[in-house]
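Only one chain comes next, encoded as structure tokens, the form predicted on its own.
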Amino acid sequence: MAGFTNAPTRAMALRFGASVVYTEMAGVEGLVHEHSRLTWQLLETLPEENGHVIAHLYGREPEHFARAAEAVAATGRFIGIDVNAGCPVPKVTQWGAGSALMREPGRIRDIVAATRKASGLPVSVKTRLGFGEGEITAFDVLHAVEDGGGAALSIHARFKPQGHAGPTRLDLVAQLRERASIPLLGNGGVNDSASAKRFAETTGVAGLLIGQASIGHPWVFGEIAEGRSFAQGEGHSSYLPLEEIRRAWLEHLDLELCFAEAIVAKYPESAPKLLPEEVAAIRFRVHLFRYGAGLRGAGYMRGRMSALNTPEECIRALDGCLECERRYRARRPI
């Protein structure tokens, strides 16, 4: 989710029904170095996130977590700290962080304890089932989090080599839940109300984390909360009223602009040599065609994505996409 879950995306998730949101992963080593203001930008928030946002950190050394956690808590903007012990990306694991920590439960325990003591905030951990059927590490990680005074454990119901695809092992999550003395949260393969219901009923988890399914589709949070299901064979926006899609598009774009202006104002020395309007448009590109998944004209819009350099150009592109979909729906058999 790196590169996606910035403050505007999180604000959209909250507006559409998410109860808690997590920042992008921020490295603790970057946070403790005096001149690493770029890392701190990953933890910038919008006012409407107050009371709902958790700082998501990664690293390896307990003392670095402690120093970073103290600084994070001092901002007064976060309700908790989440330690990543599940990211499979090589640039994270090669330094012994992310999913590499799954083989070091003692280190996870020490990280949780140090983070909790330094911050005074609830500390949770996100991990995976393990490295494969022959190396299931989640049970040891659970005990480490409990021993370190952790508040919760989030479990991605896949093994590290699977990345974000393939079958989920809800049976193992259910076993983990039976042994847990702290809340267990589930993640992986949840993309609509049907899959959410199956995950929750099979495992008994206390809550669900939704990542990829929410990109370009913030409606998923409300749909799951209300138990609404839709036939999504043509794409997750193909059943929504076009006015609702356009309204969400424009809301998100406006949030990107507000956030870009705030970042430039707070970090002028590291601001890109672009106007905030240009920064907002470029950041919004990654969301634009995802909002249009399944709509006629989305492919054309995606093909000219690199030419969308201002909010006005983004709006013209999305209106062209919606007009194609409008004409299609007008002649579609009922």
Ligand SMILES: Cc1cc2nc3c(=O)[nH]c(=O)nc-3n(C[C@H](O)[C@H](O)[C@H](O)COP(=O)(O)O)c2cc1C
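Please read all numbers here as calculations on a predicted model, not as lab measurements. In case it trips you up, residue 1 is the first one in the sequence shown, and so on.
There is another form of the same protein, the form predicted in complex with this ligand; it is not shown, and what comes next is about it.
Student: Tell me which of 239-247, 99-107, 186-194, 140-148 has residues with heavy atoms within 4.5 angstroms of this ligand in the model of the complex?
Tutor: Of the options, only 186-194 has residues within 4.5 Å of the partner.
Student: Which residue, 252, 177, 77, 158, has a heavy atom that falls within 4.5 Å of this ligand in the model of the complex?
Tutor: By the 4.5 Å heavy-atom cutoff, the listed residue in contact is 158.
Student: May I ask you to choose, among 222, 211, 207, 122, the residue with a heavy atom within 4.5 Å of this ligand in the model of the complex?
Tutor: Only one option qualifies, and that one is 211.
Student: Indicate whether this ligand has at least one heavy atom within 4.5 Å of a heavy atom of residue 84 in the model of the complex.
Tutor: Result yes; residue 84 sits at the interface with this ligand in the model of the complex.
Student: Tell me, yes or no, whether residue 25 is in contact with this ligand in the model of the complex, where a contact means a heavy atom of each within 4.5 Å.
Tutor: Answer yes; at least one heavy atom of residue 25 falls within 4.5 Å of this ligand in the model of the complex.
Student: Is residue 4 close to this ligand in the model of the complex, meaning a heavy atom pair under 4.5 Å apart or at it?
Tutor: Within the cut-off, so yes.
Student: Can you work out whether residue 126 and this ligand are in contact in the model of the complex, taking contact to mean some heavy atom pair no more than 4.5 Å apart?
Tutor: Contact check for residue 126: yes, within 4.5 Å of this ligand in the model of the complex.
Student: Check each residue of 49-66 against this ligand in the model of the complex and list those with a heavy atom within 4.5 Å, in sequence order.
Tutor: Heavy-atom contacts within 4.5 Å come from 56 alone.
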